[in-house]
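Just one chain is shown here, as structure tokens, and it is the form predicted on its own.
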């Protein structure tokens, strides 16, 4: 069983939220200056996967903080392959800027996300979002066995009963007429996970994505009482943990996890599993 000591998890959640705030402050500062942008892809569809110097700067800051506070833990980041605690039970999955395409173009829909896993099970998460229910940047956080918090305060946002048709993040292949909600896509899976947890989106479905995109957001969704589903060879199954995978036929590694997910209310999850 995962380590579920409430005092330890409370401290981990607080530390994750503080690191997310630090990352967010660095991102906000960078918006006021120019920064270098490169592209990871090449070929006929080049320039679709940007990475900025801010991505690298934020990940370095987060890694330095984790090396100081949690020196024995593994760190799985998008921009660096460095694994200080490879093989350890505890792993911090970080995406310094999820929604980099939005960020480099100045579209204010992106996030910095941190997920804390114990043997693949989400134990705590923190997502700094450029846009929140409070109409300002802020950090949604949670730990296993707790509810959702926003900037350190327990969060509750009951839906307006006058709103008869709500929103959900759906793939571009969805037929809006067949769904009980209107579809939206923000360009940031981490941001959409947080918005689902906060009740601003009824649900979200994601095409295959990486561990660091959703490790933090899944914890938020579960804390908010949402259903989380993962697609496997046997179809859709309720999510329990992130399992190590192998992308090249080598040894399985948690860093190589990649999958298709759904999270949201029961109604939204049911509808999106039928897509």
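Positions refer to the first chain, counted from 1. Just so we're clear, the structure is a prediction, and the values are computed from it rather than from any experiment.
A second form of this protein, the form predicted in complex with a small molecule, is not displayed here; the remarks below concern that form.
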Original post:
In terms of non-hydrogen atoms within 4.5 angstroms, which of the given stretches 67 to 75, 160 to 168, 117 to 125, 92 to 100 touches the small molecule in the model of the complex?
Top reply: 92 to 100
Original post:
Only one of 142, 189, 196, 139 has a non-hydrogen atom within 4.5 angstroms of the small molecule in the model of the complex; which is it?
Top reply: 189
**OP:** Go through 209, 245, 61, 37 and name the one with a heavy atom inside 4.5 Å of the small molecule in the model of the complex.
**Re:** 209
Original post:
Would residue 49 show up as a contact with the small molecule in the model of the complex if we use heavy atoms at 4.5 Å?
Top reply: yes
